[in-house]
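Only one chain comes next, encoded as structure tokens, the form predicted on its own.
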């Protein structure tokens, strides 16, 4: 595999595009429906901006790095042929890439964003494929980008995707809500930054079992009830707090609140 066409202009395309260029593989172009977005990303990657409505350059792999809901629409517009076509969504199957014969997935288990290009060498890279040709192509790419490569079928990928949301997205939302509560009291949200960093480091180093502290872990029902009282005007957040506290208490043998 030598030539890759990247379709997409968002965070996934941005980070994978930089990683592909850094790996030494040839990015033949950046395609996308957003004219400004594809022109900007193509400049960043020192590549060529491609209009999806026009003939596409020859490529060994077309990487569809767009939102989950747009994958099928984009794939259906690509000319059928022998090129491997892959998307980057962890929880989406291969059928969305029909009618292409050589279909696959390459999914980095990481929260990606714009800004400085990330080093993906330590980021687990998941591969799935419809046939040997697609598998070889995507494994070759994955191993150029990362030192941790796994082959996972859809059911396993969906489980990993769920676990990733539990690990990353939900705690970040809770941190957002915690900072909002501080702002409402005219307190700087940065008060929580050392706690957030220390907790994440402990969980990564020693595991969640050892990192978990707090009233629910201790079975401190009075503190939990006091917190619930403080959340009387926050019914949604109050429900989340109560449910998570009950889960933790049961897990550590304290029974339900």
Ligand SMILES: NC(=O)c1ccc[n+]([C@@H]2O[C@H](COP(=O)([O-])OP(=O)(O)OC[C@H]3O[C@@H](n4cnc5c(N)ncnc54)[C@H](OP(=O)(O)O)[C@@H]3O)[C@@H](O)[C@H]2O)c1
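Residue numbers count along the first chain shown, from 1. Note that this is a predicted model, so its numbers are computed, not measured.
What follows is about the form predicted in complex with the named molecule, which we do not show.
K.L.:
Just to be sure I understand the contacts: of 28, 70, 45, 228, which is the one whose heavy atoms reach within 4.5 angstroms of the named molecule in the model of the complex?
P.N.:
The residue from 28, 70, 45, 228 that makes the contact is 70.
K.L.:
Please tell me whether any heavy atom belonging to residue 88 falls inside 4.5 Å of a heavy atom of the named molecule, as the geometry stands in the model of the complex.
P.N.:
Residue 88 belongs to the contact set for the named molecule.
K.L.:
Taking heavy atoms and a 4.5 Å cut-off, does residue 167 contact the named molecule in the model of the complex?
P.N.:
No.
K.L.:
Tell me, yes or no, whether residue 74 is in contact with the named molecule in the model of the complex, where a contact means a heavy atom of each within 4.5 Å.
P.N.:
Result yes; residue 74 sits at the interface with the named molecule in the model of the complex.
K.L.:
Answer for residue 34 alone: is it within 4.5 Å of the named molecule in the model of the complex, judged on heavy atom distances?
P.N.:
Heavy-atom contact with the named molecule at 4.5 Å: present for residue 34.
K.L.:
Does the named molecule come within 4.5 Å of a heavy atom in each of 21, 84 and 130 in the model of the complex?
P.N.:
No.
K.L.:
Where does the named molecule sit in the model of the complex: which of 61-69, 215-223, 189-197, 228-236, heavy atoms within 4.5 Å?
P.N.:
Heavy atoms within 4.5 Å of the named molecule in the model of the complex occur in 61-69.
K.L.:
Sequence order please: the residues of 100-117 with a heavy atom within 4.5 Å of the named molecule in the model of the complex.
P.N.:
Heavy-atom contacts to the named molecule in the model of the complex: 107, 108, 110, 111, 112.
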